[in-house]
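In the form predicted alone, a lone chain appears below as structure tokens.
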Amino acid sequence: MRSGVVYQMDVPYREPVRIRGFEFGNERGARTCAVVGSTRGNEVQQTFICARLVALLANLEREGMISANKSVLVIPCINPFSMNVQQRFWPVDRADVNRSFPGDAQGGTTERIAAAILRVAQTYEHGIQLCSFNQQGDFLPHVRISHQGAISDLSATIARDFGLPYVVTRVPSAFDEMTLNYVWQQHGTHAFSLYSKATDRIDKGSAQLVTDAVLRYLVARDILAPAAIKATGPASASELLHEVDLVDLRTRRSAGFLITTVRVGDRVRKGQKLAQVLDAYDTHVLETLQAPVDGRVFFMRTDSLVQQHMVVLRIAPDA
């Protein structure tokens, strides 16, 4: 294992920001895969998963299980300043590092960080980013790809090597064009966003699930020896799912307490009662939410209070 500073930047009134990276394998070998952890200061789970990968890969390297002609880079956190002060975005101007790509070496703070990370990350054939989900709630761990043509078509096929339940593809919006995943693909890298169940707390179960998925992917790329995954959990037969096919189940005109009767991952049948909205003063039932299709619960809001027209569940419909 070789560790070093990927990028360093001086900031007023604090010690310099140092972004550390850990490289495994042959430093002169093919740059095969880069793993990038948290881009935001509250992404504790994503940093934790990368830290576990660093420890596991160090052990595997000592055991001679990393290819002699390939290399892997792990950057656990590219925004340590925000994490140190417990702020999701850059504390000075509230800028989002993951909306600053491709960056600008002479630009603002987050643009400089993005440019430095991309300069290194784009030299790898495969890229894995550990991301936080954009909706508050519980969901199935999955792989996500911003679709950009031929490279994304191949990425969607090899993404099954992670062994997670779903590979989700989405048509990128203008908002996505400043993310690492999108820009990575523009530079010819097979880019994947991996989502675990938690963000600002450590969930050991889903952290292990995602860690195992990354190891399986590295084995499939011939970076790790097959014996490296002998202790991992069983892989799932990944189902390809387009994000637009997810079926949203929303409250209508009701707001109040949310009571759900299912869990994420449960199979549901069309017409099955999944949740109720109760009046906040006397708990009488204001609204009952039923499954609109047969499928599997992909996402579920965990807030105890809901508002009108709010997405409560998202169902992955049966093929």
Partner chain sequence: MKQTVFSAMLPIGESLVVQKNRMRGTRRDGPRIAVVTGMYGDELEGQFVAFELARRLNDSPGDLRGTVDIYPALNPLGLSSHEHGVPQFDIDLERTFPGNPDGNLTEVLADAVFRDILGARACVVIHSSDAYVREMTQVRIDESPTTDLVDLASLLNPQIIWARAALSTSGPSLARALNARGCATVVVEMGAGMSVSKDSGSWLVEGILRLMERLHAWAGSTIALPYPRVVRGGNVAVLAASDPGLFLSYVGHGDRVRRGDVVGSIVNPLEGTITSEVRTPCNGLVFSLRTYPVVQPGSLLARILEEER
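The term rigid core refers to the most C-alpha atoms you can superpose between the two forms while keeping them within 1.5 Å. Numbering follows the first chain given and starts at 1. Just so we're clear, the structure is a prediction, and the values are computed from it rather than from any experiment.
The same protein also has a form predicted together with its partner chain, omitted here; what follows describes it.
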Could you confirm whether Ala58 comes within 4.5 Å of its partner chain in the predicted bound form, counting heavy atoms only?
no
Considering non-hydrogen atoms and a 4.5 Å limit, does its partner chain approach His284 in the predicted bound form?
no
Quick check on Glu15: any heavy atom within 4.5 Å of its partner chain in the predicted bound form?
no
Can any non-hydrogen atom of Asn84 be found within 4.5 angstroms of its partner chain in the predicted bound form?
no
By the heavy atom within 4.5 Å rule, which residue out of Ile151, Met178, Val120, Leu240 makes contact with its partner chain in the predicted bound form?
Met178
If the cut-off is 4.5 angstroms on heavy atoms, which of these, His187, Arg88, Arg221, His147, is the one near its partner chain in the predicted bound form?
Arg88
Per-stretch contact check against its partner chain in the predicted bound form, the hit in 228-236, 91-99, 152-160, 187-195 (non-hydrogen atom, 4.5 angstroms):
91-99
Contact test, all of Val11, Arg250 and Ser254, partner its partner chain in the predicted bound form, heavy atom 4.5 Å:
yes
Heavy atom within 4.5 Å of its partner chain in the predicted bound form - qualifying residues of 281-319:
Tyr281, Asp303, Leu305, Val306, Gln307, Gln308, His309, Met310, Val311
Is Ser254 displaced by at least 2 Å at its C-alpha between this form and the one not shown when the rigid core is overlaid?
yes
Rigid core aligned, does the Cα position of Ile19 differ by 2 Å or more between this form and the one not shown?
no
